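Only one chain is included here, represented as structure tokens and corresponding to the form predicted alone.
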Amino acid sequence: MTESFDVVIVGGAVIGSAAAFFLAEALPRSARVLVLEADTGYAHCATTRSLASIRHQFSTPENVRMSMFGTEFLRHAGARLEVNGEAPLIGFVEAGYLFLATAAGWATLQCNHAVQRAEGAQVALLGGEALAARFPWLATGDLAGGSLGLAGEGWLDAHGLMHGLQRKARSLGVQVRAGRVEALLREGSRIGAVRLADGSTIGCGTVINAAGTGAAALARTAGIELPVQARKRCVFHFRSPEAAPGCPLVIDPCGLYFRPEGAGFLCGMAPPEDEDPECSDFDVPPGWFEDRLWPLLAQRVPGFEAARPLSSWAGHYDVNVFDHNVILGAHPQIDNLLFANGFSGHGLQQSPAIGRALMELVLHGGFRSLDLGALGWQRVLQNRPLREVNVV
């Protein structure tokens, strides 16, 4: 007889773990929740290879709201995720984001700022002179100004959050197993079971697709085309005699980003669109730091001219190529399959809000805390993209 669960979550990284945690908190202990994860070491998931940061500075109100809840959750995560007196180490550093703009991008920054302030985000616009005074190590001659997060933004320990969510979910009765889901077995307008690589099947009341870069292939087995692709992003760790005191996570107009990390800095930049194909490898392109990033770093922070690379790694974003926003909720063709895919680099910071939203969809059939209906399938099916401008 096929084993069955009330909820089967495909993908155990931060989104799947957040969904498991919120479901475990809300459901009766008799409910059966299963998380299935193929990469149980989480060596290649987006969560553990990300920059591990959180910001409120988005252009889409829903993204601002989700990340603001993420900050609230992080501030109290130690107590909320405590198990047997042991709290996870989240390492949340509230040091802010700083988006820089030239004259050409100033109007867009102002528009985004208005959206963020309307949602209650604590952000400030700084003109060129104010930037130079606050960050004297920054070259500001070509800048019209910047937008600085004053509270709630920063970076954290991605492993700590993910494992903290999962450990707490387990303590509340969630089962987490190693297993690669190869197919969703559709029965009309429902998913009756999932089939694993070993040929076994598991029945389900609800399935949550939290499979990251594997989400599109999984959706395809149920006859759904999900516009999500894996795109490579590289992160570089470097040291420099320039300490850049008070440095937030800086986003340059060219797309370069950098932030402090221990005694050094992390940096990176998305490649040009024509050099950004769907990919599966984790190779760091040779010369990327020396040829592309280093000149830009030294141009923005003259002291970084003496920067020296220490290490690097590559990870994959699950990019929604339709509009760079998550696709959240059920497809109209299938009642009991919930999607949480295409975060385009925003998954870690939005995981608490998404986990809570998925719990509400399972329990209530709709959102209760934040209205995230605009992020559903209808916009995709009707070709009405809800574009996120602030993609890093």
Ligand SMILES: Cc1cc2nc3c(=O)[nH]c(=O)nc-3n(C[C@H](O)[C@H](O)[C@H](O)COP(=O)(O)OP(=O)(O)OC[C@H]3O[C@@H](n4cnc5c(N)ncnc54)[C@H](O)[C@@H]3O)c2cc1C
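Residue numbers here begin at 1 and follow the sequence given. The shown structure was predicted, so the numbers you read here are calculated from the model rather than taken from an experiment.
What follows is about the form predicted in complex with the named molecule, which we do not show.
For the residues 207, 228, 165, 211, the 4.5 Å heavy atom test against the named molecule in the predicted complex is passed only by 211. Just one listed stretch, out of 45-53, 330-338, 24-32, 359-367, contacts the named molecule in the predicted complex at the 4.5 Å heavy atom level, and that stretch is 45-53. Using a 4.5 angstroms limit between non-hydrogen atoms, residue 169 is distant from the named molecule in the predicted complex. Among residues of the shown chain, residue 375 is not one whose heavy atoms approach the named molecule to within 4.5 Å in the predicted complex. The named molecule is not shown here, and in the predicted complex it never comes within 4.5 Å of any heavy atom of residue 153.
Put simply, residue 100 is far from the named molecule in the predicted complex: not one heavy atom of it is within 4.5 Å. Contacts to the named molecule in the predicted complex (heavy atom within 4.5 Å) from stretch 24-41: 36, 37, 38, 39.
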